[in-house]
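Just the one chain here, laid out as C-alpha cells, in the form predicted alone.
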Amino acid sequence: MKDLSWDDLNLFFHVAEAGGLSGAARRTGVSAPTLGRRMLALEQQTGRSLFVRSQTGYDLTPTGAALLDRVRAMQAAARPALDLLSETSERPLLRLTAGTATAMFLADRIAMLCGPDDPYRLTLVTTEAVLDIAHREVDLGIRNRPPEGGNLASRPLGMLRFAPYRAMSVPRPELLDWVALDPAHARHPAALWVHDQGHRIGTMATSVGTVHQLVRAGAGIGVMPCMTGDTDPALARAGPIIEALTETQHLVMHDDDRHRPPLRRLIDRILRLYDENADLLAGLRPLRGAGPRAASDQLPSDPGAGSA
C-alpha cells in the first residue's frame, strides 16, 4: 500500500466529523462529489471499509472510527508546528468555547480579551456541547467543572450564581407562567431546575438565547445567570438567588499548550476579566431586587402554578 496522503486523511476527518458529504463540503470548500470520490479512493487504497453509506449520511465502520481517533492524534501532534509557521506570517487563531450565556458575557467585554495589536486572533465558539480540548478541537473552554481526564489543565475562574427573571414591562407579573428549555435540550442544572420544581411552564425553547428573548418579551419567568439577567435593563429579578444552582466556572486548556505565549496572554486576560467582574458573576449587582421569599415560592402565585 502506498503512503497515505495527509490531504486525504484530512478530508476523511471532515467527512467523519460532519457525518456526510454536504457538511464536509461546507467545511472544506471541496464539492460533495469530489469528496465522495476521494473517500472511495481512500477505501480502495487501504483495502478497508471506512464508512457505511446511507440516505441519511456517512456512518463510520469500526475501522473508520479507529482511523478517526488516529487522525485526531495526528492533527494534535501537527498543531504546534503549524502554529509556529503561522506565527511567522499571521497571528494565530485561538478558539475559546463557552455556553451561550458565558459567550454573551465575553462578547460584551471583547475589548478586554483581544485587540488589533495582540499576537493572536480570537474565535468565540458558542455551544452547549462539550468540545474536545484534549484533541485540540478548540484551544480553551469555560466549563462548570474541572476536567476529569486527558492531558488537560484548568484554572478556577470564580463563582457563578443564577436567579429567576421576568420582563420589567409585564403589568401582572403574578400571572406569569415559566419559560424553560424543552427537556431534550435541558442539560445544564439551571435548565433542569425549572422542570424539577414542577413549575407551570407556559413556553419552551430549544436554545438558551431564545429563552432569554422570550423572558424579555414577557412570555414568563426564566432562570438565568446573574451576569445575564442583572445587566439587561429590560429584566427584573422574580425571586432571590437559587443557591442550589451556584457553581464554579473553570478555564480548561491542553496541558501542553498552556505556556504558549499567545495562549498564555489570553488566559491571563480571562482570569483578570473574571476577577474584575466577580460581584456581577456572584449576583451581587442586581439592577432590581426581589422579595425575601424562596425562589420556589416566587411568581407565579395563582393556583396550580407551584406543582405540575
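Treat the numbers as computed from the prediction; the structure is a model and nothing was measured. Rigid core (definition): largest C-alpha set, two forms, superposition within 1.5 Å. The first residue of the shown sequence is 1; numbering continues from there.
We do not show the form predicted together with the DNA, though everything after this point is about it.
**Study point:** Stretch from 262-270, 56-64, 248-256, 235-243 whose residues place a heavy atom within 4.5 Å of the DNA in the model of the complex
**Key:** Every other range fails; the passing one is 56-64.
**Study point:** Residue contact check: G29 to the DNA in the model of the complex, 4.5 Å heavy atom
**Key:** Yes - in the model of the complex, heavy atoms of G29 and the DNA come within 4.5 Å of each other.
Exercise for review: Considering only heavy atoms, tell me if N10 and the DNA come within 4.5 Å of each other in the model of the complex.
Suggested key: Flag for N10 set to no.
Practice item. Indicate whether the DNA has at least one heavy atom within 4.5 Å of a heavy atom of R70 in the model of the complex. Key: Contact check for R70: no, nothing within 4.5 Å of the DNA in the model of the complex.
Review point. Does at least one non-hydrogen atom of T34 fall within 4.5 angstroms of the DNA in the model of the complex?
Key: Answer yes; at least one heavy atom of T34 falls within 4.5 Å of the DNA in the model of the complex.
Review point. Does L40 count as moved between the shown form and the other one, where moved means a C-alpha shift of 2 angstroms or more after fitting the rigid core?
Key: Passes the 2 Å threshold, so yes.
Practice item. Look at Y58 and decide if its Cα position differs by 2 Å or more between the shown form and the other one after superposing on the rigid core. Key: Indeed, Y58 is displaced by 2 Å or more.
Practice item. Classify T28 as shifted (yes) or not shifted (no) between the shown form and the other one, where shifted means its C-alpha moves by 2 Å or more with the rigid core superposed. Key: It does, since the T28 C-alpha is displaced 2 Å or more between the shown form and the other one after the core fit.
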